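Presented as structure tokens, the chain that follows is alone, the form predicted alone.
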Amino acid sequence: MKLEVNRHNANILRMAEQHPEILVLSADLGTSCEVKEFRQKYPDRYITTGIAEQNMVSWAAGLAREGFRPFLHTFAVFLYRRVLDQVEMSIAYPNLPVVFCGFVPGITTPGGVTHQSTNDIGVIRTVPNFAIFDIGDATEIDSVLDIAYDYNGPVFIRQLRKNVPRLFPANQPMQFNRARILRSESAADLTIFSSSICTEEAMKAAAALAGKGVKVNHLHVSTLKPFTDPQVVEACRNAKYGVITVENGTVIGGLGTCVAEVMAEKGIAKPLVKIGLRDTYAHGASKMFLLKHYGMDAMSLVQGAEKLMGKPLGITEEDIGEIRFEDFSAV
């Protein structure tokens, strides 16, 4: 698998060169959020507020009113949980162009419940004017800041860092409010919607299912608000047995809820299996351990498919383990 590092660092430097009004704000986590080089190159455009996130959000509101474009950097959990009042009243209510770059979303950190943003999507979805982007790979890191800038309003990004896979071609950037179609069948047995780090697991599961003759539609979703992509409706209707969602966080209020709302509003009477954290907080441990422990890995998705189809498919952990990342380039 090809892993790439410091993609956000390269992207924010590129954006800063193009847009001199961009400022970076950090809550004492510049190195962890890959903006250390930004501070070195643009010291006059880098503001560190220390571990005082409410203050950082208030600063961002004032700077945005003066024509600057603040990009806030800290762990995602600190950008919605402890700052919600400032987020709503200082940023969302006046609809200011402030970008919240929230790192280590969901279970991508071993830091445990204090550092895991597992219900952030459900919370921010209820805040008016916000857009929410959930990043899945290096290609989306390379393109999400452009989309956030063009949105010209409050944006919450669930950002990945350090060693990030490139699942999608570099010349096919993320698109606003449009899912990425990874597999498409004219008459599918199942439709899978995935986001964040769970897309890589879903790609493995989809390949294993296809190997057993199961026709799968697979869509990677990076825009969780707004959620009006017509491809979602079409993919749900074109699923014989039902729909599966898999996400890096709680199943309450996130991707699964978004899909369920669309299916209900459009009268799509198909079963839905939601895979993710089930009304619980997560332990602190490695990403792969937590994915398996909480039933969010590729094998759990296969089991969801078996539940919808009402039969065993004979897929084992060994089958999934044999599927290589390189195989996905032809999908």
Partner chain sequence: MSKTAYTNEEIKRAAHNVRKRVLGLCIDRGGCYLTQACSSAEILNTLYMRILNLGPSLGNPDAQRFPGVPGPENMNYPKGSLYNGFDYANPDYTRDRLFFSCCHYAVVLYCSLVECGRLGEKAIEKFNVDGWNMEMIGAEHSPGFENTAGSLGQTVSIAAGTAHAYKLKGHTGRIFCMLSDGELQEGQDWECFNMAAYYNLDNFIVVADMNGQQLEGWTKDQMNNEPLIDRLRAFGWEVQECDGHDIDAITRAVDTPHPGKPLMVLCRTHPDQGMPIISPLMPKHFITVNDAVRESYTRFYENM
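Owing to the predicted nature of the structure, the values given are computational and were not obtained by experimental measurement. Residue numbers count along the first chain shown, from 1.
Note that the form predicted together with the partner chain isn't included here; everything after this is about it.
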Inset, instruction - Identify which of V35, L290, V273, A61 has a heavy atom within 4.5 Å of the partner chain in the model of the complex; exactly one of them does. - result: A61
Legend entry - Contact residue in the model of the complex, from Q231, N238, N95, S184 (heavy atom within 4.5 Å of the partner chain): N95
Legend entry - Residues T48, E66 and M89 all lining the partner chain in the model of the complex, heavy atom within 4.5 Å: yes
Inset, instruction - Answer yes if any heavy atom of T114 is within 4.5 Å of a heavy atom of the partner chain in the model of the complex; otherwise answer no. - result: no
Legend entry - Contact label in the model of the complex: A52 to the partner chain, heavy atom within 4.5 Å: yes
Inset, instruction - Answer yes if any heavy atom of L23 is within 4.5 Å of a heavy atom of the partner chain in the model of the complex; otherwise answer no. - result: yes
Inset, instruction - State yes or no: in the model of the complex, is some non-hydrogen atom of N129 no more than 4.5 angstroms from a non-hydrogen atom of the partner chain? - result: yes
Inset, instruction - Quick one: find which of 275-283, 39-47, 301-309, 261-269 has residues within 4.5 Å of the partner chain in the model of the complex by heavy atom distance. - result: 39-47
